[in-house]
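We begin with a single chain expressed as structure tokens, specifically the form predicted alone.
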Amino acid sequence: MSDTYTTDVLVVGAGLAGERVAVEAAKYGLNVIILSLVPPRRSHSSAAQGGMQAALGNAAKGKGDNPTVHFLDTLKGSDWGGDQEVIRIFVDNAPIAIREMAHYGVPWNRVKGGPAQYFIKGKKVEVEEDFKKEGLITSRDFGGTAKWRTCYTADGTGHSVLFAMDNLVVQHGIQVHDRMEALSIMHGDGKCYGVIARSLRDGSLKTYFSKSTVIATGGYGRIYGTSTNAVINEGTGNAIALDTGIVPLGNMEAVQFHPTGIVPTDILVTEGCRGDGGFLLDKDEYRFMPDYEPEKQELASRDVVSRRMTEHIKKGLGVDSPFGTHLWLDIRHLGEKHIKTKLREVYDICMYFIGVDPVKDLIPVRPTQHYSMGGIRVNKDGHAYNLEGLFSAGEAACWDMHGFNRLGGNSLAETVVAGMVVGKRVAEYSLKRNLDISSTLADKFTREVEDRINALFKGKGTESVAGLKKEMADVLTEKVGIFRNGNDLGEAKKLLKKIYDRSKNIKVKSTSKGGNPELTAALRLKGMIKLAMTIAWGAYARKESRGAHTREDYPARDDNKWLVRTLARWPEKANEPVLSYEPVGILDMPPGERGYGGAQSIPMKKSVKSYNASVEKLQKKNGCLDPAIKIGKEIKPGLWKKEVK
């Protein structure tokens, strides 16, 4: 048996969600170990710029905001694909989480009483900020919201919050094992026992036994090749969950493209640019978004803006460049002081990576893969379907508050809110469970990992890791992108299946077990291809358009047939994913219009009461474990009718 560690709670991933779960569990006196590919402060959470949504209502333009308004914005943003109970849990806890982070040392921007200048819908306006609110946490505008509620620290919010959270990890004495990658989940008889991990330093294998295991490895954007995600975001946590054969991934076809990835690097510049009044311009420097979305303009939901930009480019109005066609983002009118204070990371990114001074120059941008709404399917406690003791939080999870489109600022907020909520449930579960250690189980899963590694070293295959990885990314980008259709998706399925078959014939040329990037990439590749296949299979099967999933051949959102969540499993020895479906959750507000995007919809024939009656039964049938509080009990029925004018 390899080197063995035991702990009450094992967290795989040291970003915001993982660290927040770890801190919450540690408050209960539990022993916690965190595994991370990189030192925690290098986690991708630090790259988040614009802010966190929470209904505080302190800023003048946030007046009258409350969690129910936030609930409606998030539900509409999800295109009614989100779990309404989870959304309610999220919006109710977000203000608590934001204030808590202030207590932990996050230097939120604050209200300054008196007249303030803002750009709103293309015009410079003066707003009187309330002196009584001076010093309270302020907020900026973000897409798809009725009120200004995105709390921020200039445009380095993720950096500020992650550093504060990592300080807490140190204060609580939580162990962090970095440069460590989980390669397999140890499981048997419907229970998770921990993971087998590989040291990226020396290639040695480690066994971690735990009462509870939490996957918080973030998104999987790098399977698209061009993405705003960090290079470590290759879906490692999702892949090992899928490899169990019994844990499903939810809504993998729901992939978000952010409107403003800079060209040619695809690094993100925050939605705060548009929230603070930036414009999108075409090759003639014409501001086109008001033509498509006269009400929300540049601040329609991300899926809508990305589609409108792509439509505009297809009309021949994009800017040609050696790196592909793009559009312009203009923030020059915001002024040098604003850009170098509230958008200082944007300034640095543009100057250092593409040599553009946003104070004086237009920024080249295009829609770029950004966020994964899909992930490990969990119940509202964060407990994975079908596998007791396995939890997930953050972008790695399908919790599922985002449905088919996430609003900007809701993801970063989700990391700390889910960390609080899921962390508490993890602690409660761990306090009741005994630590089970089995050398037989450890040997079995260790041997499987060793066999995988030896096959890569000693096999007679001729396939290249880098070559297959690029082919996979090209298929996703070209055929499973912003706009989709049956022909392209059918072709994508065929191509990805061939790539998956070829991935069985990879040979690693470098024979070093430690410090071997080629081996690391080879060990991840098959899992990445599996994730790509779940996206393509789910997108091909879902014959409607909902949120970020846009089918040109099925342009309407079909609530009669498709008000369901896709679940993708990969049974043992299977060569492709198996799909099933469950209700999205208890409905409080029935499906309606989003108010932007010009979408068509087919209404459901069932009554809300009839739909709700089958939710618990069908979710349990698909593997949902019983939550601590019965399904639907935290929904607050009908509150949206009373609190929203």
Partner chain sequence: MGRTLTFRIFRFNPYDEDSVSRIQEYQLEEVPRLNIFNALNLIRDDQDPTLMFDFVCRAGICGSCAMMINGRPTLACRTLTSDFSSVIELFPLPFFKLLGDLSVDTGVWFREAAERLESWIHTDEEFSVNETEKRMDNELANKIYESDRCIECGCCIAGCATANVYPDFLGAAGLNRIGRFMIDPRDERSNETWFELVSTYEGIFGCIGMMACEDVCPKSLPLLDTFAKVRRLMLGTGLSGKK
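Here the structure is a predicted model, which means the values were calculated and not measured. Numbering follows the first chain given and starts at 1.
Keep in mind that the form predicted in complex with the partner chain is missing from the display, and what follows is about it.
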- Item | Of Gly316, Gly486, Gly324, Gly105, the one that lies within 4.5 Å of the partner chain in the model of the complex (heavy atoms) | Gly105
- Query: Can you pick the one in Lys206, Arg99, Arg332, Arg502 that has a heavy atom within 4.5 Å of the partner chain in the model of the complex?
  - Reply: Arg99
- in the model of the complex, Asn66 touching the partner chain (heavy atom, 4.5 Å): no
- Message: How about Arg42 - does it come within 4.5 Å of the partner chain in the model of the complex, if we only consider non-hydrogen atoms?
- Response: yes
- Query: For Gly514, is any heavy atom within 4.5 Å of the partner chain in the model of the complex, or not?
  - Reply: yes
- Query: Quick one: is Ser36 in contact with the partner chain in the model of the complex, heavy atoms, 4.5 Å cut-off?
  - Reply: no
- Item | Stretch from 570-578, 152-160, 554-562, 285-293 whose residues place a heavy atom within 4.5 Å of the partner chain in the model of the complex | 152-160
- Query: Does anything in 367-400 come within 4.5 Å of the partner chain in the model of the complex by heavy atoms, and if so which residues, in order?
  - Reply: none
